[in-house]
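Given as structure tokens, the chain that follows is alone and in the form predicted alone.
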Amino acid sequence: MIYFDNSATTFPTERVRAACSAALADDLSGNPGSLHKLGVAANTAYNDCLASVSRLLGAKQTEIVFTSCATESANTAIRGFMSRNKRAGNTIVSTRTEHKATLECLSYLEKNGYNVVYLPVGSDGKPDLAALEEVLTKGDCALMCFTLVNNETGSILPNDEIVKIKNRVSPSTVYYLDAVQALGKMRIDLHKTGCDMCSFSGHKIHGVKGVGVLYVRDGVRIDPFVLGGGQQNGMRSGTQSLVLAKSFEAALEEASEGIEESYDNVASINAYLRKELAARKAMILSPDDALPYVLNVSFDGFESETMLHCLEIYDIFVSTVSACSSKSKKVSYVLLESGVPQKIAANAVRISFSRYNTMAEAEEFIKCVDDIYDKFAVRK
């Protein structure tokens, strides 16, 4: 099997599985809120885990909240901030190439009277910074919502430039950043990013599904999304799961080790596939400076889903659009917003890598693509 669908999800590593298993031991299975020794042991282990994750992300322990997924993190951040800070302004600025978790939150807020300004993006997927400055200059912008690495194209946000503009023109505007596809692939120090809120997902970095992280900078006030017993400093009620927290910690620790070497390995695979696929008249849709972990390609003569299932015959797994939108069978809105023509976007396939992919897999992928064209294609 060749698994090139790592932007959709990744497989848990042995280290992650071992961490989950250890956290399921009887002496750690108490409720962290209980006063007896089992509860104290579970709470101590949980706080140790929280401290480790905070350190690895460059944040304070009080700024990190475990959630069920990045979608919950996004909803809590975006809707929670606007709910709590009604006097901060009526405008939110973003783009139409964000993940659906962000876009659906913005749509909800629009229906409730907020003014959402969507900046145009270029063919490189980057937002128009002049347009951003123009919006911020008007003085009514409460929140900015952007994605550090686009999940369909790998386009990297010009984060430093955006932060400079915000700090110069509208320093009171709060900044939410989706860093789901960046985590484990590029170094992230939250206190250096300039963002005020940020979301992450465990299953994108070889952790298990069901756990995400939300960063909320100290001093930023938001309404919690889940109410109840006041766990996690009142930010997310519900009994804390040591198993899920430990799975995230283990995945993050492992991803952080040798991150530069992993990047170089994936960059070599990406460069090889770009060259070989372009030689076969495939069109590379990811920008030249995209994060190499994502490669979006339009195959001549094959619609997206057809190529996906052809590759599946060879036990190769890729995706068409984001996994969150794939069953709608629509052409990628990200590509269309980036100016890719409909006919080309309709043939687009997302190939996404992890640190465990190899050049041998890439070479086998090319052989299978050749075989698919030989057997099934009608070239014009």
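One rule holds for the numbers: they count along the sequence shown, beginning at 1. None of the values given here were measured: they were computed from a predicted structure.
Missing here is the form predicted together with ligand PLP; even so, the following discussion is about that form.
Peer 1: Can you work out whether Val180 and ligand PLP are in contact in the predicted complex, taking contact to mean some heavy atom pair no more than 4.5 Å apart?
Peer 2: Heavy-atom contact with ligand PLP at 4.5 Å: present for Val180.
Peer 1: Is Ser155 near ligand PLP? Define near as a heavy atom within 4.5 Å, in the predicted complex.
Peer 2: Ser155: no, not in contact with ligand PLP in the predicted complex.
Peer 1: Is there a non-hydrogen atom of Asn296 within 4.5 angstroms of a non-hydrogen atom of ligand PLP in the predicted complex?
Peer 2: The answer is no: Asn296 has no heavy atom within 4.5 Å of ligand PLP.
Peer 1: Tell me, yes or no, whether Lys204 is in contact with ligand PLP in the predicted complex, where a contact means a heavy atom of each within 4.5 Å.
Peer 2: Although ligand PLP is absent here, Lys204 would touch it in the predicted complex, with heavy atoms inside 4.5 Å.
Peer 1: Since exactly one of Val331, Val340, Cys69, Leu50 fits, which has a heavy atom within 4.5 Å of ligand PLP in the predicted complex?
Peer 2: Residue within 4.5 Å of the partner: Cys69.
Peer 1: Among Asn270, Thr76, Asn151, Thr95, which has at least one heavy atom within 4.5 Å of ligand PLP in the predicted complex?
Peer 2: Residue within 4.5 Å of the partner: Asn151.
Peer 1: Just to confirm the contact call: exactly one of 223 to 231, 297 to 305, 122 to 130, 172 to 180 touches ligand PLP in the predicted complex at a 4.5 Å heavy atom cutoff, so which is it?
Peer 2: Stretch with heavy atoms near the partner: 172 to 180.
Peer 1: Going by heavy atoms, what in 269 to 290 lies within 4.5 angstroms of ligand PLP in the predicted complex?
Peer 2: The stretch 269 to 290, when checked against ligand PLP in the predicted complex, contributes no residue at the 4.5 Å heavy-atom cut-off.
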